[in-house]
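Below you'll find only one chain, the form predicted alone, shown as structure tokens.
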Amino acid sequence: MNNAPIGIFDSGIGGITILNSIKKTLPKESIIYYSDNYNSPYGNKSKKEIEKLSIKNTKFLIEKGCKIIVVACNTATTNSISKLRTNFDLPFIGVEPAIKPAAMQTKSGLIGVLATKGTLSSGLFEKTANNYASDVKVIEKNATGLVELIEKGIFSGEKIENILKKNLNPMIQNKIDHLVLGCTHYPILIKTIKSLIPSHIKILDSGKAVAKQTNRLLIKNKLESNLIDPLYTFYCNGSDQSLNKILNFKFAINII
């Protein structure tokens, strides 16, 4: 079981940002990545719909023999991680916006969170914000349309910049000093985001934290692999265009 793969799923290609962090931290682990891009985006779906899709994705990865599953989607995590842990007997790692470190590090007492509607309206997000950011002002923005463009393979350009400016400018005007990227798709746009905000604003995402937690759970459950040549396998149930683009055609993609 130790050499079984880590399973990762997302509503599309956003979880590749998490996969890259895990690959860097755990170079001896095989990984299976599942992009449910046919049903993307998750951000505008109901909690019940997201739970149903997350259960389906989990079953797929279990059938592929995964030993541990990373829910590499903020919306899926905040809306379904409890359900998954109740229904399946294997370790799960979720992805939550990095509100805690932003709230701890802020000097201005003002932080921005760029996320999807599904994440911002979830009970888990509200609980996290109340627990860790009750003493700071959190400016939340739902970047509607951003995930859809990224899933089409559009990572830069006027359309991307217009959506980002619309959501980032109010944060800048309010003098935030930390920006939390609350969707795994958004780090793909990191260069454009940096070009649109003052250099003193620190950008936070969840990649490194998720990789560290994955490592901790593998050790805790004695599931560490020691493979010299781990395998990276990719599946998607929609178009493979954007996944091929972000992977630079280095890996074969299985369309199901």
Ligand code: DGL
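Note that residue numbering follows the sequence shown and begins at 1. All values reported here derive from a predicted model rather than from experimental measurement.
Not pictured, yet referred to below: the form predicted together with D-glutamic acid.
In the model of the complex, D-glutamic acid stays beyond 4.5 Å of every heavy atom belonging to S206. Taking the partner from the other structure, D-glutamic acid in the model of the complex has no heavy atom within 4.5 Å of any heavy atom of S54. By the criterion of a heavy atom within 4.5 Å, V147 is counted among the residues contacting D-glutamic acid in the model of the complex. At least one heavy atom of Y42 is located within 4.5 Å of D-glutamic acid in the model of the complex. Residues of just one listed stretch (178 to 186, 85 to 93, 159 to 167, 128 to 136) have heavy atoms within 4.5 Å of D-glutamic acid in the model of the complex: 178 to 186.
Residues T116, T119 of 103 to 141 are found to place at least one heavy atom within 4.5 Å of D-glutamic acid in the model of the complex.
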